[in-house]
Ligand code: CP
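Quick setup: one chain, the form predicted alone, written in structure tokens, and binding and motion questions come after.
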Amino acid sequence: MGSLISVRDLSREQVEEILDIAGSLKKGKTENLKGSVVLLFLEPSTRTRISFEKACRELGLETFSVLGDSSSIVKGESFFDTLKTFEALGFSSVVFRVPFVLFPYEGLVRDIDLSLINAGDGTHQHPTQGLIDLFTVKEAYGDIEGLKVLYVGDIHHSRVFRSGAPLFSMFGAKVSVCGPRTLIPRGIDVFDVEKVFDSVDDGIEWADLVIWLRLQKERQKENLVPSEKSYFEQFGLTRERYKKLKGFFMHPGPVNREVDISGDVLYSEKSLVLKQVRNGLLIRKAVLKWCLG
């Protein structure tokens, strides 16, 4: 059994293998796996949890959900001991979303006889979303060597950025970021970022693809933007900015309308948002197959 906690653990060959599995599933190939999976989601989720649950069932895997306050972690049990409990009960895999960062995690993978799949840990990683975005962009653009990809918004708190940027760079794309300086993390250079734009309009002029991110108010311990209205005016996808886009735009969801993106362009011709959702099922099936098959 394999695990997937961070995209940084993957080689390009492994990423291509997962994408190839997803591609074959999209063409109609069927896969059947044996085993049982725990969906341990300690943070709210719609797209990720439901697509993982649907993926498991379509692959023939039994699914069991542990959500929010129903976990013994709220009573003080460690994450490690919770996983050891699932191991003792004979589960094959745990798909988890947790509010804390798993780092370092090598001992966890070594000492737990389960396939562990990260569906989001704090502000650290969201590897399946990174793979979804890469798969979706490759479908839309073909070869992404040299493609200019711009992330806009709350970069500081974004596990989507921390997962997607290394994958795009791995395949030769150029990655830049844009957002309020209060939402650009220190050490942004470790992500091989080409440019940091203060103006989203300048960034749009540079970019072939723009990925808007959600303003994560629940993770902010202080007010890092003056107001949602001013943030939207300065960094959001307005109708006027939509007209300036050279290519497609994406958003991993959930979207805050009139904060991240204007509602009347969300599902427009240049939007890949619903394709990301549809491809989410394929990628999560592919990851389960890659880990368990």
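As the structure is a prediction and not an experimental result, all values here were calculated from the model. Throughout, we count residues from 1 along the sequence that is shown.
Below: the form predicted in complex with phosphoric acid mono(formamide)ester (CP), not depicted.
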| request: Although phosphoric acid mono(formamide)ester (CP) is absent from this view, report whether H156 comes within 4.5 Å of it in the predicted bound form, heavy atoms only. | output: no
| query | If you check in the predicted bound form, is R47 within 4.5 Å of phosphoric acid mono(formamide)ester (CP), heavy atoms only? | reply | yes
| request: Give a yes or no for P254: in the predicted bound form, does one of its heavy atoms lie within 4.5 Å of a heavy atom belonging to phosphoric acid mono(formamide)ester (CP)? | output: yes
| said: At 4.5 Å between heavy atoms, is Q129 in contact with phosphoric acid mono(formamide)ester (CP) in the predicted bound form? | reply: yes
| message | Quick check for you: of 65 to 73, 236 to 244, 24 to 32, 38 to 46, which stretch puts a non-hydrogen atom within 4.5 Å of phosphoric acid mono(formamide)ester (CP) in the predicted bound form? | response | 38 to 46
| query | Using a 4.5 Å cut-off on heavy atoms, which residues of 82 to 106 contact phosphoric acid mono(formamide)ester (CP) in the predicted bound form? | reply | R97
